[in-house]
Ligand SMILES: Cc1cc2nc3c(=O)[nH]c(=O)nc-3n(C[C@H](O)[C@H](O)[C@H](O)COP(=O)(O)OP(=O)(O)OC[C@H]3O[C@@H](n4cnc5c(N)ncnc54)[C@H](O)[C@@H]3O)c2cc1C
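Just the one chain here, laid out as structure tokens, in the form predicted alone.
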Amino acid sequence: MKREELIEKISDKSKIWDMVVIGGGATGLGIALDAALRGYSVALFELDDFAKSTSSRSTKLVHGGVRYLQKGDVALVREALTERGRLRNNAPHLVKDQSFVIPNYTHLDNFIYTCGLTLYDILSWGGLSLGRSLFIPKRKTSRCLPTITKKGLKGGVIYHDGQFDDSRLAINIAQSCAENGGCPINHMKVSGILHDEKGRVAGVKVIDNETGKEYSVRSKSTINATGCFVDDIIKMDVPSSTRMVKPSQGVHLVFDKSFLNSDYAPRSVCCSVA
């Protein structure tokens, strides 16, 4: 994937791409790869490095969504578990098993979580499971999580989800896109929206941040995959549009393994073990 060769592709003013994707995070790269695999000509532009923003600030977990199972959304959990297993099978160099322990302080919680997580395992049928959930007595729970409160502990449940390197996965997707005829380029700023004679969106103007040169890239369709910056692109097309996204803030805490002194992660913390 050589940037100079990709720049040369978008320099062809006579070319009309099937699709232009704005945003080189997980969503944009996934769209571009899917389009390239279907035989469409696709160009993708990322303002900074691939996966620089939201897609590099995840929990690093590939999970099926245990809390959604608790809410009764079985279909969603089954879909997420299927994707989790496929990702592990397709990218074993980036995805690994992470064991979690839920410490319980009532016998009822032991029963509920053992049953619920067994169902969680059943939903990952078809060779997509990462491991079996098991009830463990309080002594083993203490060994797995040596820093937890031991007073009143009644036992625990071990279950498995995945942990992955999100930024490396994004780079691999960009590489796969390019290998299949796509044109993903980073450090390209979208500076304007092109329109046809009927006023419809017909491509974008982009500036190469490394050279300052501007390119006009025409396309049959344009995808805005810029996440929380989606309104900035929309306003290039319709300056009077109202903003759809309001900023909010969440916090992910990633601790060194020495903090827990264990290979297991407590479910209540939902952390990544480095």
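In this text, residue numbers run from 1 along the sequence as written. This one's a predicted model, so the numbers in the text were calculated from it and none came from an experiment. Rigid core: the largest C-alpha set superposing within 1.5 Å between the two forms.
This next part talks about the form predicted together with this ligand, which is not shown.
The candidate spot formed by 54, 59 and 227 lies fully in contact with this ligand in the model of the complex, as each residue has a heavy atom within 4.5 Å of it. In plain terms, the part of the chain that comes close to this ligand in the model of the complex, with a heavy atom within 4.5 Å, is 182-190 out of 99-107, 76-84, 133-141, 182-190. This ligand in the model of the complex comes within 4.5 Å of no heavy atom belonging to residue 20. Taking the partner from elsewhere, residue 233 is found to have a heavy atom lying within 4.5 Å of this ligand in the model of the complex. Put simply, residue 25 is close to this ligand in the model of the complex: some heavy atom of it is within 4.5 Å.
Put simply, residue 257 is far from this ligand in the model of the complex: not one heavy atom of it is within 4.5 Å.
The Cα shift for residue 9 between this form and the one not shown, taken after rigid core superposition, is smaller than 2 angstroms.
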